[in-house]
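Only one chain is included here, represented as structure tokens and corresponding to the form predicted on its own.
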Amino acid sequence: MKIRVKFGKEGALCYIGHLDVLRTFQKIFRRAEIPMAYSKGFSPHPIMSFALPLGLGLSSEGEYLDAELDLESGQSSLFPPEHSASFEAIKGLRRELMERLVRATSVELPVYDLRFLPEKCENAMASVGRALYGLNLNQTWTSPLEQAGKSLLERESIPVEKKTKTRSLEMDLRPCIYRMSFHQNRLILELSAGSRANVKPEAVWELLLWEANLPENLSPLSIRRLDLMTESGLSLGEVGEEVPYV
């Protein structure tokens, strides 16, 4: 059985890296006594994948991991076998899994939701096409930044230079900005993410500062990832079902 877990990253845990998050969740599943399926071969490991690594120092309420459970192992006597589970039993299974995960983690790595995935569903990492961010701003910057944002969105193209570890590439940033809106002292950005084009909110921020003629050393008060979505704009948390039909 495949599941998708929605979780957040808060407080001091915003400063731990992606590999540490992966190892932490492996421990959380063991602590919760949730039996995971393992890969085959000489060095088996839990079958678990994450949607998109979060930048160090950013908080989030929209992180996702996919995991495969082994409900027919000897460890899973508390759970009904998939092939004999009724609708009510599956509903109870979701509730039990959620309760166990919540008890096994901390307030700085909160678990928000859990869904069952169809067998042939793309994993979270392959599904990502967009990311939604919220940037909290100093009130004195909001007006010039909003004017700069309107100016940028009116353009047909925004050529920028993107630096990789080995070279610099020129790309058009305009098709990668799906939404840019200001709400009081908060900037909402919906940007391309994943394998096709991965745009960081910091890149758009730097562009806004340049367009608004503001000092380049200004930083948002905070950057928070709000959600991850497919290429079509569907939240990864809406894929699958809370309770699958049997």
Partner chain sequence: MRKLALSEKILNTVEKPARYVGGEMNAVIKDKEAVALRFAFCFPDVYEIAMGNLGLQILYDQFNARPDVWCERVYSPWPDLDKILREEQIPLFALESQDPINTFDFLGITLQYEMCYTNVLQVLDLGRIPLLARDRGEGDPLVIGGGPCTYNPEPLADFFDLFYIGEGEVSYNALFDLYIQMKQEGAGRQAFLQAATSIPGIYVPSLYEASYHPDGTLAAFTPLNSQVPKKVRRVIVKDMNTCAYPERPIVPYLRPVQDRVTLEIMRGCIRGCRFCQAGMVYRPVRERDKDSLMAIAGHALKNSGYDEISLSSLSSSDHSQIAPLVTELMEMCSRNRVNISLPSLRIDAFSLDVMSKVQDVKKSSLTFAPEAGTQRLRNVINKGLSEEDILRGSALAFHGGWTKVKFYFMLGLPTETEEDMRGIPALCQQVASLFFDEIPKEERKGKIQITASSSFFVPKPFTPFQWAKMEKKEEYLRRAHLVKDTFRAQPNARCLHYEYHDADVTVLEGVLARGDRRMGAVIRRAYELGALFDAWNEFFDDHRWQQAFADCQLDPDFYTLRERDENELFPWDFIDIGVTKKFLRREWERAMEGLVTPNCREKCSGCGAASYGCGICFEGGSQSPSPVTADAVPPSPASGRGRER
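Model, not experiment: these values are computed from the prediction. Residue numbers count along the first chain shown, from 1.
There is another form of the same protein, the form predicted in complex with the partner chain; it is not shown, and what comes next is about it.
Between 106-114, 137-145, 121-129, 166-174, the stretch whose residues reach within 4.5 angstroms of the partner chain in the predicted complex through a non-hydrogen atom is 106-114. In summary, among the residues R186, R179, R196, K27, the only one with a non-hydrogen atom within 4.5 Å of the partner chain in the predicted complex is K27. Residue contact with the partner chain in the predicted complex: W210 places no heavy atom within 4.5 Å of it. By the criterion of a heavy atom within 4.5 Å, E231 is excluded from the residues contacting the partner chain in the predicted complex.
Shown alone here, S235 lies farther than 4.5 Å from the partner chain in the predicted complex, counting heavy atoms only. Although the partner is absent from this view, P215 stays clear of the partner chain in the predicted complex, with no non-hydrogen atom inside 4.5 angstroms. Contact annotation for 9-48: residues with any non-hydrogen atom within 4.5 angstroms of the partner chain in the predicted complex are E10, G11, A12, L13, Y15, I16, D20, R23, T24, K27, R30, R31, E33, Y38, F42, P44, listed in sequence order.
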